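Okay, so here's just one chain, in structure tokens, the form predicted on its own.
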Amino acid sequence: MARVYYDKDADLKHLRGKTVAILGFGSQGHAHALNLRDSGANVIIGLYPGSKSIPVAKKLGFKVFDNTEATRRADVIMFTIPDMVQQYVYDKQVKRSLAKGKTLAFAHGLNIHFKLIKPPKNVDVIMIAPKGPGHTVRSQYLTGRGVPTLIAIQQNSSGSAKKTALAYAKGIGGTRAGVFETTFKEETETDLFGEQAVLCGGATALIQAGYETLVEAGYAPEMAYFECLHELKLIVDLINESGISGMRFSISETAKYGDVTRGPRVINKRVKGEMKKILKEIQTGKFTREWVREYQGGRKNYFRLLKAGENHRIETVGKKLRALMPWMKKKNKSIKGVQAAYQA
């Protein structure tokens, strides 16, 4: 079991007198910056010239510099920019200003674990990764609570890397909920696997396959949507609140029996075998190399697959049915929004 750290185990004095540069000002970046500043840290923002986030950060009272200057001025440099942009930013904008004794920090371990970024030995390399989106990291902090957070130490040149990581985690509110110590390897590989096999890839493929099965059998698309997508939130909320057993306590006996007898037929040994293959591709770096090639090649296949998903029949019926539910918050998101996010 991983050790869990709380407020009493971390001391903000390890950030006192230091400057923290947050590179990027998106979901995680803005939350880290605001929480750290409210905790008494001196925070600056690093962005590329022309970024749409510059006026946003300035309006909130932050000093904004290009990434090179932000690195030069800072003692702790936190990467909250997209994974596939980090290597370029490090090589072209950060490395030249990275002096002995500074700390490189990451909110996800991919670039360090797979050696896309290769820091010098005379700097600390740490990770502070809240297990929640940026808006939750911020909102929980404001209510006096926090989001469970992971920390990891890759390089401890100064001898104080862990103290810095814990202080940073405390500064964003993580020690209020609990901070779990892990490694860059463990965080990266489990995170990628969860995304691909269960949370995103597995769940969306299961929803679409279930929808297609019902519609192809002659059932109304609306009924298929309700049963395979709309009601999923109810089940996920129950699992999130009480675990799988707690969810089963809240559903009907018929649903429970179908769950425990038919579920293993869908997620069977063959499917688990594919999961193991996916994990192996992650562990060996095959997935990361593939994604790097795709990204550097213009992401043509990536955008093609996203567009295909956007055009799936379940999306058409879903838009119609969601329009009948005024209590739901609706956001019109599309492939154009995904493309634009990389330009922010």
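The first residue of the sequence shown is number 1, and the count goes up from there. Only a predicted model underlies this, so the values are computations on that prediction, with no experimental measurement involved.
In what follows, reference is made to the form predicted in complex with a small molecule, a form of this protein that is not presented.
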Assert contact_stretch over 301-309, 48-56, 280-288, 315-323 against the small molecule in the model of the complex, heavy atom within 4.5 Å, equals 48-56
**Q.** Triple contact flag 89, 107 and 133 to the small molecule in the model of the complex, non-hydrogen atom at 4.5 angstroms
**A.** yes
So in the model of the complex, does residue 80 come within 4.5 Å of the small molecule, heavy atom to heavy atom? yes
Even though the partner isn't displayed, in the model of the complex is residue 235 close enough to the small molecule, meaning a heavy atom within 4.5 Å? no
* Asked: Is there a heavy atom of residue 207 lying 4.5 Å or less from a heavy atom of the small molecule in the model of the complex?
  -> no
TODO: Would you please decide whether residue 35 lies within 4.5 angstroms of the small molecule in the model of the complex, comparing each non-hydrogen atom pair?
DONE: no
Checking 239, 214, 251, 85 against the small molecule in the model of the complex, the residue with a non-hydrogen atom inside 4.5 angstroms turns out to be 85
